Structure formats: structure tokens, C-alpha cells
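Presented as C-alpha cells, the chain that follows is alone, the form predicted alone.
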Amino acid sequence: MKALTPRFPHLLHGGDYNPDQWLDRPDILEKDIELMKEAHINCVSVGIFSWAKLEPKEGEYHLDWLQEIIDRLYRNGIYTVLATPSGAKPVWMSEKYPEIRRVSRELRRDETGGRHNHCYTSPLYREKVKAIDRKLAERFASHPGVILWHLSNEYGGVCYCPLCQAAFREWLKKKYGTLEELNHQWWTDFWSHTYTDWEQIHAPMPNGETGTHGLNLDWKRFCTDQVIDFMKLERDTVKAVNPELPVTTNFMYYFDDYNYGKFRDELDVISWDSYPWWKAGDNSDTAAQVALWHDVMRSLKKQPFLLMESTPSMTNWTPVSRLKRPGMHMAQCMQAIAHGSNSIQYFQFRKSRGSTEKFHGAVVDHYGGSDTRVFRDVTEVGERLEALDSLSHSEIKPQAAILFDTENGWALKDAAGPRNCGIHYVETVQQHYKALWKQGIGMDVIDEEGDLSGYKLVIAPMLYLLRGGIEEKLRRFVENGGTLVGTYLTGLVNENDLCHLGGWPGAGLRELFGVWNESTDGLWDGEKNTLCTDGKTYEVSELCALIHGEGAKVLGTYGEDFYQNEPAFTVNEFGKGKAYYIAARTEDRFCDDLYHELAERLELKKALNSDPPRGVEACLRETEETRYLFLQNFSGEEKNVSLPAGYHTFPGGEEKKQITLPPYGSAVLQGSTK
């Protein structure tokens, strides 16, 4: 497998470093090098918010200080991920060129301040970004210590200025060709909102149009495409100088302003920023949520990713700045590695002395020494990563995948029924994912554009909006012997949120599942029904689809209400495979039982011979010869874990049949793949 960072093909340990804040303190900069080496840090991200130091006046570039920093780091065996500074423009630029500042949904031009306060469409801002990026690339793209470009920082936000609105209209013209086609796909005859001129189209906003769901979807798609176009400008600028130096940008947790799936082919490396809200006691739910997002990032390109930011202690922007309990830092870091990360990096190395993140966690705090619990935790992770370095070339090849599609989520949020008090798409995906996670079964998390080949099991919860040819891919998958699990609210609308005619699930999925969904009953919060199957009864809530079998075998029925004894859970044989349909939002226990049965029948690969104890995560990473077993105990209680034969404590320890994990303890064991 090709290394993510060929100039330094190893596991990375480090994080954001902001020496530009300390240029008047050479003693601190000198001390930082000593502390990095002591903490086994081999890589730092530099320049993320440095534009004012790099270009203090228009057209006046000061790069010597950055050259000195990168040179000094490299001489000491510390490599640089070099950022482009477009995420936070200088004040002089914002004040001189107000047209580059964003316009809000209320059509007010933003004032100077904050970050990402810029219009991605603005030709002037693009010109300024291209100029600084070119200067950085000409100076540093061939430096042996620079191993990766970090494009901007956490691209985010939306602009409603006239330039963006005009660009949106051009985007629509390319997509639909004619107003007649746009009006049809957006169903604008409703409320007599038919467009007769392209200039009549405006972005959705609170004091304007919000009820045309096709418009809402396309605006989000346009915003995704526009920020990708901006990112590509940055990418192409730096790659024009040295096309061999890879590029990344850092994604965020549960962020759906953009569809991250659309970025996959434009980046060499996927990276993201992870800030879980750990608490005292049982953290199993949080661990499962973070695991899913690690798997999202790995699945985007089906290759290892980078954890670009995390905190070594606490955050300052959450409601409470909770310190990690002893052991939690190592467990969190090893979870990232277990799910495919090739780095552990922090925000930040040294705490800022002032402004909004002066109390955010850092490797080195205002005290400035290494004799702190946080520094010791970081050092232990650095030592562990050095021992695990061979993992940078390993792979994770799950036999199961779950569909988690951003655009489907957009449409469900906007659906206006059947449950406006909470549709819970994300929570439902998480529920199904966790049922396999608890068994130590690895998964890919893919969107509707993903490839389904190679999987034994595909789970597709609430696949409301069908796009990217997903209906045909699902049919082929099952026809060729795969097992599919679908649920209520599947196949209701096309990619533009137009309802399928002729019965749901639409677009050929009715035949695949062998059911017809006549209608759906929305339940109030607190209301329950039951699903009865195989002598067991499970609670269901929120949404209950009233379905009719059309070839499917009924496995379970409703226990109450006017649809008592009607189908609630079915399976349909289709070609060589099977398609299950769950008609209601079930309790966790149902998913646990279903996926235990399917895992056994399909012989899905597990990290252990049996389920890990509750709250213990078990994951595998493999090279051709070596299997690495990762165990993280997020339960808050001591746990004993029985091990398969042939595993030794890592590195080079004795064979173990059982291991005891303290609260928030973690372990890595090594076995042979032969």
C-alpha cells in the first residue's frame, strides 16, 4: 500500500504548532524542540492561522521566520505538515476589501472578525489565496522536511452574497438545462412558485423560499461543489510547483454543511478532527459514535486516514471542560489507530496565551514544563506509536458495510413529515452500526455512491432518497448473493426529492424487498408498540410502516393498535441473496439479536471468538504476515477479555489467553495471519 506521506512513511505523532505566536520569545521556541523530542513527537502542523505574519501588508511577504522554524524542526527529526492560511484572513485584507466578507442568510454583510469569514466565490479572495499559496509552494514544496499540504482548516460555512447567488444559477443551468426541467424536478406548480426566468431563483432563506425541497437540496449541493472548487484552486496552486507532495484538508465530526463524500477524489489523504465528550463512568455510547466516524473517514478512500486534531486533555468550547480520566487518552488514541488512522495529532502543542482558545487543552500548558499528567500521557502515546510503526502499511478489510449518506440526511431533515419532532436518521444509523461494533466486527461506512462489491452484509437504514444508482447497486448486490437489511422510509423520493409513483419502496426496491409500504404511522414521543418475532417481543417507537407482503416471508408482526398482527419484519429471497425489511424503529435489543444471527450465518470476521465484554471495543488491523488486535475498555469498570489462541502482548511479549483491562485501559496484541 502506498504511504500517505512518502517523504516520512511512518505513523505520525504531533499536532498544531503555532510558533508565529511566540516569535518574540526565542527561548520558548528553543524549549519547544526539546519538549517535542521528549514527547516522541515527529510531526507538527504549521502555518494554519499565520497569514498576518506571512503577509503583514498587501503584497509584502515575510517567509524567513517560517523557513527558520521548518529548518530547525527538520534538523531535529521533526517533520512539517504545512498549511495554507486561507481559513483566517488578515484584518487589513478584510477592511480594505469588504466584498470578500460573507453575506448571511439574512442578507447582511459580515463584519471583520472570526474565521472562515470569507466568500468562496469571490474572485478577489481567490486571487489573494492563490498568491499566498504560490509563495509558500515556491519556497517550501521541495523542502525535505515538508511531508504534506494541509489545505486551509476545517472548511465551513455558507455565503449568500450576489456572487454566490449568481454562481448558483449557473450551477442550476448546467444541471437542468432548461427552466421547464427545473420546475418539473422541483415541483414548483405547488403554491404557484413556477419560475419563468433564471434571475427569479434565490437561495433558500428565512424570509424567502424554504418550502421547495428540491431548491433546498440543490443549494446544499451547490455549496459543497463551490467549496470543493475553492479547495481545488488551493490544491492546484501548490501542486503546480511540486505535484508529488500530497494534500489533505481536515474534516469535522457530525458536520453536514457539505457532503464530504464529494471530496474523496480531490484529496490524496483524508483527515479529520475528533473531539469526543468523554465523561466519568460508562463511555460505550460515545466510543461507538467516534468509532463510526473513524470508519467514515477510512471508508472515503478505502485507505488509512490521519487524525489531524484531538485534545490531549480537554476542550474549552464544550459546556464543561472535562478532564480525561486516567487511561482514557491512550484508549482514545488507540481507538483511532485501530480504525485505520496513521496519526495521532493534537490541537495544540503549546497553549495560546490569549484569546478564545487560551484554556483549550495542549501538550504544553502555560506552566511550560514536562512534569504534568498530560505530557506523560502524550509521551506514552508517542512511544506506543513508535513500536507500532509497521502498522502504517496495514489494511482493514471489513465484510460488512452500512450506508450513511449526507444528502439522504439533508432530505430527511427537510421532509416535513412523518415525524417533525425527530426523524433521528443519524441515531438510527448509529444504532445499527453499534450492534456489530459490540461484537467486534469491523465495518465500512459508505454513502450511496459507494461500491458494494466484496461485502457479505450491507445495512441501509432509512434510505429515503435514492441517488447515484443505489437502487440498481442494491439489487445486484442481493441478486449475487449478498444480504441486505433495509428499514421503514426506504425508497420514497428520487435524488431531487420527488416522490416515486406506483408504490413504495420505489425504483425497483419494492420487488427487491418483496413488500409494499402503504403508509406510515408516526408515534408521539413516549408512545410504544411492539414487534413480535420468533417468540420474542420488542418495543418499537416513533415510526411504524404499514406494509403488505408481496413475496416476502413475514418474520414478525405488530403486537398492538389497529395494525396488530400485520407484518413488521420480513425477509425476501432475491436471486442468490436475501433482503430484510424492518418496518419500525426498534429498541437496541432487536438490532443486537438480528445482527448476532446474521453474523453467525454469514460467518462475518470477528476480532475475538466471542463478543467482547460490554464497553470493550475489539478491532483488527492486518499486514500480510501480522494481525494486530486492539482492545479499548470504555466501560469505566475493570474487564477480563478472553483471547483467541496465538496472541502475544505487543511488542514481543508472552502469549496470553486472557487479559485484564482496568477502567479505560487499552492493549495491543500481536498474532500471525498464517
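One rule holds for the numbers: they count along the sequence shown, beginning at 1. What you are looking at is a predicted structure, and each value in this text was computed from that prediction instead of being measured.
The protein also exists as the form predicted together with a small molecule; that form is not presented, and the subsequent description refers to it.
Engineer: Note which of Tyr367, Tyr254, Trp317, Phe190 lies within 4.5 Å of the small molecule in the model of the complex, where distance is taken over heavy atoms; exactly one does.
Structural biologist: In short, Trp317.
Engineer: If you check Glu154, Asp414, Glu566, Glu266 against the small molecule in the model of the complex, which one has a heavy atom within 4.5 Å?
Structural biologist: Looking at the other structure, the residue within range turns out to be Glu154.
Engineer: Report the stretch among 211 to 219, 424 to 432, 273 to 281, 390 to 398 that approaches the small molecule in the model of the complex to within 4.5 Å, counting heavy atoms only.
Structural biologist: Among the listed stretches, the partner-contacting one is 273 to 281.
Engineer: Does the 4.5 Å heavy atom contact test between Glu234 and the small molecule in the model of the complex come out positive?
Structural biologist: Because no heavy atom of Glu234 falls inside 4.5 Å of the small molecule in the model of the complex, the answer is no.
Engineer: Within a 4.5 Å heavy atom cut-off, is Asn250 in contact with the small molecule in the model of the complex?
Structural biologist: Result yes; Asn250 sits at the interface with the small molecule in the model of the complex.
Engineer: Does Glu309 make contact with the small molecule in the model of the complex, using a 4.5 Å heavy atom cut-off?
Structural biologist: The answer is yes: Glu309 has a heavy atom within 4.5 Å of the small molecule.
Engineer: Can you work out whether Glu357 and the small molecule are in contact in the model of the complex, taking contact to mean some heavy atom pair no more than 4.5 Å apart?
Structural biologist: Output for Glu357 is yes: heavy atoms within 4.5 Å of the small molecule.
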